[in-house]
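Only one chain comes next, encoded as structure tokens, the form predicted alone.
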């Protein structure tokens, strides 16, 4: 049984997609052990509580410096002995020591087709604003393993979504969530839970 920690800063729609997929057996052989947020007001924590999942809030604001936060964050995460960490809209930089310890065991969902519209500064609505300002016709979402770079780790899955002529950033964001993010993230977790994924020479192979 794959034990998962989901890290989230906001509403938790991707978290809900994971919960629903586990309930529907779209994801098999996996369970969410804990939901961790840096924001005590994140609705994601309520979603977790409603499903009997343990929740934890740990914020950099409560520590004298980032090093102290990083150390405590990793200690608290390790206490749950999880196999996979899922970043589902988590707006805190992951400590390098955590990336090293959880190599190829942290995944992230990004709302574009990496390597387009990714990296520093591209998050949330800013991604979709970038897509519309550039005038591209196709966007989408990417699930990837997390490494020391920003959105640079091995790509697991991608799904394309058409950009429509009258899109606003908000409309496009919603469609990318519905058509790509909420499907890709459960699919990736299910592949990992059932040992279908290996990383060879920095690239993902799916069996």
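Numbering follows the first chain given and starts at 1. Just so you know, these numbers come straight off a predicted model, no measurement behind them.
Although it is not shown, the form predicted in complex with a small molecule is what the next lines describe.
Undergrad: Can you work out whether residue 109 and the small molecule are in contact in the predicted bound form, taking contact to mean some heavy atom pair no more than 4.5 Å apart?
TA: Answer yes; at least one heavy atom of residue 109 falls within 4.5 Å of the small molecule in the predicted bound form.
Undergrad: Does at least one non-hydrogen atom of residue 13 fall within 4.5 angstroms of the small molecule in the predicted bound form?
TA: Flag for residue 13 set to yes.
Undergrad: Check residue 88 for me: does it contact the small molecule in the predicted bound form (non-hydrogen atoms, 4.5 angstroms)?
TA: The answer is yes: residue 88 has a heavy atom within 4.5 Å of the small molecule.
Undergrad: Can you work out whether residue 39 and the small molecule are in contact in the predicted bound form, taking contact to mean some heavy atom pair no more than 4.5 Å apart?
TA: Heavy-atom contact with the small molecule at 4.5 Å: absent for residue 39.
Undergrad: Based on heavy atom distances of at most 4.5 Å to the small molecule in the predicted bound form, which listed stretch, 154-162, 175-183, 27-35, 59-67, is the contact stretch?
TA: Of the options given, it is 175-183.
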